[in-house]
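There is one chain below, alone, in structure tokens, taken in the form predicted alone.
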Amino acid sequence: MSSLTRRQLIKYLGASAVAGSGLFGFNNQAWSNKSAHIVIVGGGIGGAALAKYLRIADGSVRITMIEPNPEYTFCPGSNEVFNGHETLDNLTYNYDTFKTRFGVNMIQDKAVAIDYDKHRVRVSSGDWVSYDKLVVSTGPDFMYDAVEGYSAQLAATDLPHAWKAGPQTAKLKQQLDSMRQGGTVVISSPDGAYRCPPAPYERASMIAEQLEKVNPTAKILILDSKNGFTFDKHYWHYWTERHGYGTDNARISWISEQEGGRAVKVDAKNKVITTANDEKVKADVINIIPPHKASKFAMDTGLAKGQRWVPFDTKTFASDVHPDVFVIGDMVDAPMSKTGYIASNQAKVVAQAIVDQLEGREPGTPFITNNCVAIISEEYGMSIADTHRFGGDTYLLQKRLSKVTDNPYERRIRAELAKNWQRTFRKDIFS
């Protein structure tokens, strides 16, 4: 038997060290049963950020994440799949880093119930997982019945909403790519709070950019349940310049709620959408984005208390149902936009609040930001900066929106900033 070289020995020991230790030199088996056990339900942006930043804040706690899927695909950036500037593979991450670097115990299963008195969560296999603190970050669910004729089954087959990035995104792209020349795409945008407020219009813009190249006579019609939207002046300005918005030959048209734009019914077989004004629109591709509500898990476990969104203690994000249960992300009734960036910052507040409570300190005063960017095209980006400063029992909002500009350099810089923001955000959460 030949002896190991120094390089081979280092390589061998290095691989072993990586497998057994985390970022901070922890051994994954080091936590005893006496360590506080923090269980996270949901491995999306909010849950993943909570796991990472809780580990950074406190190396002594046990962390378990319950997530049914082996991978997570980012929604931020997924609209760029439609014009070929992004891929789903590039947006998809597994949970290996959490296991090997942050010492998180992953349970690939679906949480289905909470026993608040005994501090434990039941998963679909029937097992119970005990906790000292529980964080629920299961995201939103969809109100399919808001549009008559629409359903979860149709979303999974012929009429994908693609509002959770993954197979539906790929399905919608396939439909767009195979649409007949001169066809019509109808996008139905919801009212109320929903994930990423400007995203329906960003989606229309990405699709328009692609159609301009491969199907130049095709049209996009946005049927809206609102009379305005985030970045609307930017979109209208650029659509006018690039896509003839407001003319008879516009590539993108937008009908507001007050103009009868709300979609109320869909005939999936004949691909016809009916609006609130009883107008019937024949489409080649239909993309209905349903209104949102708290997740089924939040409803079934009583966290939502029969309401559309989950109520919570505004300072610590503790649930109204039990003080040792925290809620974060798009399902909570927070006076904030429902974005992944907000969810990640709520997670940091909760991580610190849990550590403070475990160490007998009064949780500090939260300060949450939403620094987001969006693009209309590869040449036009824009940004928004929200600060949510806790005051009394609520959050005081300050908002700053980038101005509409014709300066091509400023537009381009913002677009590049948007791309870098997305890459940095993904790495921050999953690496």
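Don't overthink the numbering: it's just position in the shown sequence, from 1. Bear in mind the structure is a predicted one, so any value in this text is a computation, not a measurement.
Just so it is clear, the following notes concern the form predicted in complex with a small molecule, a form of the same protein that is not shown.
> Counting heavy atoms only and using a 4.5 Å cut-off, do 150, 266 and 290 all touch the small molecule in the predicted complex?
Result no, not one residue of the spot touches the small molecule.
> Note which of 111, 353, 187, 334 lies within 4.5 Å of the small molecule in the predicted complex, where distance is taken over heavy atoms; exactly one does.
So the residue touching the small molecule in the predicted complex, by this definition, is 111.
> By the heavy atom within 4.5 Å rule, which residue out of 131, 102, 297, 239 makes contact with the small molecule in the predicted complex?
For this set of options, the contacting one is 297.
> Select, from the options 399 to 407, 378 to 386, 55 to 63, 41 to 49, the stretch whose residues sit within 4.5 angstroms of the small molecule in the predicted complex by heavy atom distance.
Selected range: 41 to 49.
> Is there any non-hydrogen atom of residue 69 lying within 4.5 Å of the small molecule in the predicted complex?
Taking the distances in the predicted complex, the answer for residue 69 is yes, it comes within 4.5 Å of the small molecule.
> Using heavy atoms and a 4.5 Å limit, would one call residue 261 a contact residue for the small molecule in the predicted complex?
Residue 261 lies outside the contact set for the small molecule.
> At 4.5 Å between heavy atoms, is residue 327 in contact with the small molecule in the predicted complex?
No, no contact at 4.5 Å.
> Give a yes or no for residue 283: in the predicted complex, does one of its heavy atoms lie within 4.5 Å of a heavy atom belonging to the small molecule?
Contact check for residue 283: no, nothing within 4.5 Å of the small molecule in the predicted complex.
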